[in-house]
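In the block that follows, a single chain appears as structure tokens, in the form predicted alone.
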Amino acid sequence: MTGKILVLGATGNVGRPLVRALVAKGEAVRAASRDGKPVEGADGVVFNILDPMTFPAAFDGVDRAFVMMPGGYTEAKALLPPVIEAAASRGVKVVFQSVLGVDADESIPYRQVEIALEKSGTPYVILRPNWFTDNFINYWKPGIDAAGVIAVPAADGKSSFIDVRDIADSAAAALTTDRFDGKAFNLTGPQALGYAEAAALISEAIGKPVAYQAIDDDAFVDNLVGAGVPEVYARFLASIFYPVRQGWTAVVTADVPTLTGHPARTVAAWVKDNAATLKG
């Protein structure tokens, strides 16, 4: 594989470290974002998932692509298939970031996107990450800062939180070899933790009390909306806590080591690496 790799969401939580990893491997990378600016040493291109007119320039001269839903959007079944079709029509290999657990029911929108990719005839790899460890900064930090509380509707459920760097490393591996083509991988951290356990790790790292508060969906949505998250996306996030409460997100796999050759990072390691941001 000697062509260029397109990375959608290149300025995002997974996209940026993925671009960095691919550039470090010596790959030619096109970083797609709404503003089209260069990212981590990669050329930039304008890409808007709502505007198919931006697709041709993004895919021009590309032989592999990392495809994911940008943050803040929920209509996977409507927005992702046109991107898959644009890739498949050009014979572009797709590494698709899906969601852990969607293979449980073929009516789930993300699973329907996976099926469309599987039937497209283009080479593919599907990555299904669990809850991001980085959400403790991206979504839960306002509560930590304001009240020393992580308030989510998880009840006593546990999750094998995954570091976005491990998702990026997994995607980089899938994009730079054909050994994993035609397969799906469930990406998890090396252990399942409850939110109270994660709060204790954060508390120790930042030197102030942090507690877990189990709340209901409506209170959770109100908190996120108050922090500036659009209500429709807040309700989407609330809905995907149901699998957490049911214990489905506690699964631990070895797929990160299989793809990357290194162990998945622990929550404790992530907290140590991000202590300064958590304190700030």
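From a predicted model like this one, the values you see are computed outputs, not experimental measurements. Start at 1 and count along the sequence shown; that's the residue number.
The form predicted together with a small molecule exists for this protein as well; it is not shown, and the discussion that follows is about that form.
Stretch-level contact analysis of 116-124, 142-150, 173-181, 94-102 against the small molecule in the predicted complex, using heavy atoms and a 4.5 Å limit, identifies 94-102. Annotated contacts: G9, V14 and R34 all touch the small molecule in the predicted complex [non-hydrogen atom within 4.5 angstroms]. When contacts are judged by a 4.5 Å heavy atom cut-off, L50 counts as touching the small molecule in the predicted complex. The shortest heavy atom separation between T188 and the small molecule in the predicted complex exceeds 4.5 Å.
By the criterion of a heavy atom within 4.5 Å, S160 is excluded from the residues contacting the small molecule in the predicted complex. Among residues of the shown chain, N135 is one whose heavy atoms approach the small molecule to within 4.5 Å in the predicted complex. Distance criterion of 4.5 Å from any heavy atom to the small molecule in the predicted complex singles out M69 from the list V244, M69, V29, A58.
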